[in-house]
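Next comes just one chain, in structure tokens: the form predicted alone.
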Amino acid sequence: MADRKIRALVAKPGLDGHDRGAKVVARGLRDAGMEVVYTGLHQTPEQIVEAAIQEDVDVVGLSILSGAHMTLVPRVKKLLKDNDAEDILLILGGIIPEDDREELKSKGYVHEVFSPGTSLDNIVSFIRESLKEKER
């Protein structure tokens, strides 16, 4: 991966109609030198995984503010696994209660959860470091 840009997909699954944060993160990743695909609002887990595979991304960032994270995130993770794409880094952003964050991480559904207000530098650093570790 050292010879190509990190490819990221930013997605808004479910019925959540607020995408300002997802767009800010997408632009921040792009400004940090990553290639970014933004899928838009109201994506199904199936559409997200299909796009991730077609675009050959290294990381999928889900943005969820609707409260449906405990259903949508495990579904995306299962579909990635079912499509032999489990090596794609999966991160989550949004309003996620602390107990749910811990459960999603401990069960291996996501690699990290970012809350509103997290600096773009922290998100970029996490992605870069995680992908470096995967290469080792």
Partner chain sequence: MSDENLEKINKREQEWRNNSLSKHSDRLPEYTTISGEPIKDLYTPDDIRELDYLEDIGFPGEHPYTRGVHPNMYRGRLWTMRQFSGFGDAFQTNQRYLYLLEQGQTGLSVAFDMPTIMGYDSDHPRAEGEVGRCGVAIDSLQDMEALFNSIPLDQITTSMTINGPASILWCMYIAAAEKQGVSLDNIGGTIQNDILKEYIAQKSWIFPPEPSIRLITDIFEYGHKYVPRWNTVSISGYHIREAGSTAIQELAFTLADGFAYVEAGIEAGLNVDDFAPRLSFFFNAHLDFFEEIAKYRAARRIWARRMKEKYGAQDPRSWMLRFHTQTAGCSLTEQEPENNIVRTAYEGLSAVLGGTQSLHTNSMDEVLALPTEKAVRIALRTQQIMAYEIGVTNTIDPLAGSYFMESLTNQMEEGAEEYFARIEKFGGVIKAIEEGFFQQEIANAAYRYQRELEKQEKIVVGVNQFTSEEPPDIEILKIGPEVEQNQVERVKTLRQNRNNEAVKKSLEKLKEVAVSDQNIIPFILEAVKAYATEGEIVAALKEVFGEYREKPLF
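Positions refer to the first chain, counted from 1. Predicted model, so just to flag it, every value in this text is computed and none were measured.
There is another form of this protein, the form predicted together with the partner chain, and it is not shown here; the text below is about that form.
A residue is said to contact a partner when one of its heavy atoms sits within 4.5 Å of a partner heavy atom; Asp16 meets this definition for the partner chain in the predicted bound form. Residue contact check for Ser125: none of its heavy atoms lie within 4.5 Å of the partner chain in the predicted bound form. Among residues of the shown chain, Tyr38 is one whose heavy atoms approach the partner chain to within 4.5 Å in the predicted bound form. Using a 4.5 Å cutoff between non-hydrogen atoms, Gly28 counts as a contact of the partner chain in the predicted bound form. Shown without its partner, the chain has Ser66, Gly67, Ala68, Thr71, Leu72, Arg75 in segment 54-81 as residues with a non-hydrogen atom within 4.5 angstroms of the partner chain in the predicted bound form.
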